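Only one chain is shown below, in structure tokens, and it's the form predicted on its own.
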């Protein structure tokens, strides 16, 4: 059994997800993890599927999407059993006027604290810029101490950027 990463990017239209999911199912590939969104009218999908089909067979099955103008990529991914899956423990929320460097500086603060961003979404609506980042903070960080220091550092950098930031813990659903 292999795991494959598939990305599909291009102008949005109805039926892209259905066509991709059908092609993968036809190959016997089970869709395990996925993320799909619209970015300024462009569809973007990243997924991991598992099954016995080879990379070339999956590429061939997805060829109709490529032929219709979408950028499709397929590559094998090898799970690393020594690297545990990162589970988001906190949510960083940013609101304010758009300006260059918001993501780089605030995500950089999280990285410096040993945190890993597991999901990030940004939106620009008029003059309002919104950033939502799910963050996995290091296991063993003393509750109430390291998180408070991270929150203070985020607020300091956000103040420099002229935006507002919050950091709060999140509950995770066990799957």
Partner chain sequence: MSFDETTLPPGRVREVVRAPAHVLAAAGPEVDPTDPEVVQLCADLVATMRVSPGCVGLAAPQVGVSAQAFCVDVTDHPKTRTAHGLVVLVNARVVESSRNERAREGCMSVPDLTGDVKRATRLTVRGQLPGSGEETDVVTDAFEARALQHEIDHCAGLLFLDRVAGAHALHARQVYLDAPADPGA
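Positions refer to the first chain, counted from 1. Note that the structure is a prediction, hence the values are computed from the model and not measured.
Note that the form predicted together with its partner chain isn't included here; everything after this is about it.
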Counting only non-hydrogen atoms and a 4.5 angstroms cut-off, does residue 123 reach its partner chain in the predicted complex? yes
Mark residue 91 yes when one of its heavy atoms lies within 4.5 Å of a heavy atom of its partner chain in the predicted complex, and no otherwise. yes
Non-hydrogen atom contact residue 164 with its partner chain in the predicted complex at 4.5 angstroms: yes
Distance check, residue 134 to its partner chain in the predicted complex, heavy atom within 4.5 Å: yes
Which listed residue (112, 56, 119, 63) meets the criterion of a heavy atom within 4.5 Å of its partner chain in the predicted complex? 119
Just give me the single entry in 77, 100, 97, 85 that has a non-hydrogen atom within 4.5 angstroms of its partner chain in the predicted complex. 97
Do heavy atoms from each of 130, 168 and 172 fall within 4.5 Å of its partner chain in the predicted complex? yes
